[in-house]
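Taking the form predicted on its own, here's one chain by itself in structure tokens.
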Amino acid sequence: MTGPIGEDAFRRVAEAALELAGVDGVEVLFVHEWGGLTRFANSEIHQSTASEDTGLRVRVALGDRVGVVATNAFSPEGAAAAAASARELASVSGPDPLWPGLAPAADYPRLDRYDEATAGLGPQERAAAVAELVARCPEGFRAAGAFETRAVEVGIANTEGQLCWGPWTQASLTTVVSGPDGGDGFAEHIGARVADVNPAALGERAADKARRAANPRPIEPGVYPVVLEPAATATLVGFLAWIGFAGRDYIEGRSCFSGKAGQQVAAPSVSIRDDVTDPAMIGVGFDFEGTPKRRLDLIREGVFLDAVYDRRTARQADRAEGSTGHGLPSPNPEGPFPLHLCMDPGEASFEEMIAATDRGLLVTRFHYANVVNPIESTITGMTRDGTFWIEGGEVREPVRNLRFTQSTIEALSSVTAIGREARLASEFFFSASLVPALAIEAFRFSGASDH
């Protein structure tokens, strides 16, 4: 397995593009990614893959005309050829009245998020971890899931003098254990270091939940108090990255927070920030335009503060502070959104949240979630892999899965308790969020699910 190409090598290649004559600005984005993936089903590995990709994306400006060219030719010659092609594209492109120029030179936080053991983990080690997980399944139970290790290095250089480079790693092991009587259980771990992954503990957790979820009884849809495990909380928070905090949607009035700056949008106990500098988070200290990242409070004590911006949307909003460090690779028609969301933990233990619930539901996670109405922050989806009835402050019995149709803002406004422990949890196409468990007073389940 390969390792980082390194800052010096990136600098040498980028300089060949930055030397392009007859232009007003050049930017070089470098992304090198490698890793492996082991998939398993029916308690057997059925796929093991390894991948590596190295790419450059060169952006050239002629006044307010911009061209972008991508290449996998990581060499001075490849970078120079891509820059020349981008200059040709810029010369025939229409003017961009919102072109903000390139990021100026600035210091950025250098984060220690790279782990050699994770970057170099091979298929034998992943297979051994899967075997350890599967061994925790009782007779008649079957495990499915994936164990992925990946490493990424990112670099940005431009003719304004900005040069950023940084690597990071991620190890994620996810499993669903299924029992013979219709019970499923879910467990996952996401982090920067493979040493922190405990396959046996994940297997035991998922198998225990599958055992307890056997023979679920039907339940009528309706509005119930809920206790959401972190994986379910991640769905609510993750979708806000798209329909709430995205700068372009916010400016254009298409966000659920448009026009609500300074207003109470959630319970006073709810605070959400974007913060790659949190020790539990994964990533580098700059965005894909070379703007430094920092902690950015988005909702503080239930009050919405602001959205996130890249250089273009900051100019569109006439924002004096400029970009918040959320630029994505160009060209980017969607605009910026946060990739490192964190919800502040509270003071309740998980057991205390269950004990405080008289009649309600415990939800392990959601799936097939999608947007119904972005302005109302309404999303829909289904419960999955462990849904239980709570009565008298105790988890009583498993219930069949339900479809939910719920305003995220309304859900966060009725939060009654927040777990004291936060962990990284994934939500489909969003990166992992650092979130705790939540107790919510009213959550709308609109129908039954046959999944």
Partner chain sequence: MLDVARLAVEAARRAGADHAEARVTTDETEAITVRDERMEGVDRTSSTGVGIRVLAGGRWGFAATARLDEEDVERTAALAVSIARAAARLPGEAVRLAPVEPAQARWETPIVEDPFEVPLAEKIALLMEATHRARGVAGVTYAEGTLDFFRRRSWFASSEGAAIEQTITQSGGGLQATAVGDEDVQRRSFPDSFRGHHRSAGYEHVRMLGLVAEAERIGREAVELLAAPECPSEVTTLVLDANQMELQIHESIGHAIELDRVLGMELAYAGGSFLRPEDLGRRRYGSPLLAVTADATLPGGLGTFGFDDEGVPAQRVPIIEDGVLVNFLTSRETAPIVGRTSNGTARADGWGHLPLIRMTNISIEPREGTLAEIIGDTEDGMYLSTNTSWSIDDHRINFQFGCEVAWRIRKGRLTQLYRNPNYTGTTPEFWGSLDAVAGREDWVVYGTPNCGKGQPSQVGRVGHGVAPARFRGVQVGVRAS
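Positions refer to the first chain, counted from 1. Note that the structure is a prediction, hence the values are computed from the model and not measured.
One more form of this protein should be noted, the form predicted together with its partner chain, which is absent from this view; the next part is about it.
- Taking the partner from the other structure, its partner chain in the predicted bound form has no heavy atom within 4.5 Å of any heavy atom of Ala195.
- Heavy atoms of Arg212 never reach within 4.5 Å of its partner chain in the predicted bound form, leaving it off the interface.
- Contact check for Ser75: no non-hydrogen atom falls within 4.5 Å of its partner chain in the predicted bound form.
- Contact check for Pro218: every heavy atom lies farther than 4.5 Å from its partner chain in the predicted bound form.
- For the options Leu37, Val395, Val31, Val399, the one in contact with its partner chain in the predicted bound form, meaning a heavy atom within 4.5 Å, is Leu37.
- With the partner omitted from this view, the residue of Ala422, Val69, Leu62, Ile390 that lies near its partner chain in the predicted bound form is Val69 [heavy atom within 4.5 Å].
- Only one listed stretch (247 to 255, 265 to 273, 195 to 203, 345 to 353) carries heavy atoms within 4.5 Å of its partner chain in the predicted bound form, and that stretch is 247 to 255.
- Along 319 to 346, a non-hydrogen atom within 4.5 Å of its partner chain in the predicted bound form is carried by Pro331, Pro333, in order along the sequence.
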